[in-house]
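Just the one chain here, laid out as structure tokens, in the form predicted alone.
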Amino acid sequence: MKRRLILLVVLSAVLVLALANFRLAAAPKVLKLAEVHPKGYPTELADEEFARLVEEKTDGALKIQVFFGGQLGSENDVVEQAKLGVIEFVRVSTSPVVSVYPPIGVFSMPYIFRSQEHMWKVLNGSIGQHFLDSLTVVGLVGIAYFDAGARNFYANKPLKGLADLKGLKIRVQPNPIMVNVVKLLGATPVPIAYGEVYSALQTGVIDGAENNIPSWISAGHYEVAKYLIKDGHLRLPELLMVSKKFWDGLPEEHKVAIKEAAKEATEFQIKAWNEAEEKYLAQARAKGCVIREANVEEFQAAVAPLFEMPEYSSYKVWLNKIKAVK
């Protein structure tokens, strides 16, 4: 009787331990994805779709929480955190990645993509894959690109052509390439924080800025700078990246699932972006904004000296390859 009781106690303990281990194994691993854009922005919507797909494709083993609106820091901050493994996933522009992987700065050169279609042919081909793969040398794994549209100039004064930019004070990102571009276009570059642009336009500290159409609207800049000229000087791709420290510890089936989810999320994001751009353009026109098509060739001619500057000579091989993509 005593032996049976002891056996029953042992079996019960084994069952409890096995059940605890099963629950531990079944509990999803919760991961962080950093996003600077607000909730509902096209890239944030794609982040949410990516998170949903990863959870679905890993049968709930991986669960991603999207921290939108810069909750985890600026794009530069989260890139560093991802390198250290503090954050598992980040969605950032290629621009801040230049500080850790300079060759990707080629995407910051003006007018290198002829259209959205041309950009995606480049990104979906060997050139785009090269840059995704090369990020591993700095502790990051590139898994997808997102679309950030074309960046255009807008101002609180009419913009009909290149001549109207002459002498204007234009806000730019603290990026040497854009500083040089604005100078070559005859305007004065003013590198100030993005959050200060609205008040700077309102008070006349600056006359204009440059950005994509959804950002022009979502940040309210169209309220104080209603003249936009569609010159499309930049189509700066966005990156969805994983911390290499986290990635290296994943089983192969989870890596495959994440890459599949990223590919599907990219298709979702492009559609969401195009729909948002159309919606925002209609909203801007309804508010009395004046939107003109630029003579892009005159803008390209004005910035041509940039491509001969010695500091950008390392980009020439890639620029030629991008131009050759039909």
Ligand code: BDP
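What we label the rigid core is the largest C-alpha set whose atoms superpose within 1.5 Å from one form to the other. One rule holds for the numbers: they count along the sequence shown, beginning at 1. These figures come from a predicted structure and were not determined experimentally.
Omitted from view is the form predicted together with the ligand, to which the following refers.
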Among 122, 234, 92, 155, which has any heavy atom within 4.5 Å of the ligand in the predicted bound form? 92
Residue 88 within 4.5 Å of the ligand in the predicted bound form, heavy atoms: no
Report yes if any heavy atom of residue 108 sits within 4.5 Å of a heavy atom of the ligand in the predicted bound form; otherwise report no. no
Give a yes/no on whether residue 243 approaches the ligand to within 4.5 Å in the predicted bound form, heavy atoms considered. no
Interface membership of residue 32, the ligand in the predicted bound form, 4.5 Å heavy atom rule: no
Given a 4.5 Å cut-off on heavy atoms, tell me which of 224-232, 123-131, 162-170, 211-219 is the interface stretch with the ligand in the predicted bound form. 211-219
Members of 291-324 lying within 4.5 angstroms of the ligand, judged by heavy atom, in the predicted bound form: none
Would you say residue 193 moves its Cα by 2 Å or more between the shown form and the other one, aligning on the core? yes
Indicate whether residue 146 shows a C-alpha shift of 2 Å or more between the shown form and the other one, with the rigid core used for the fit. no
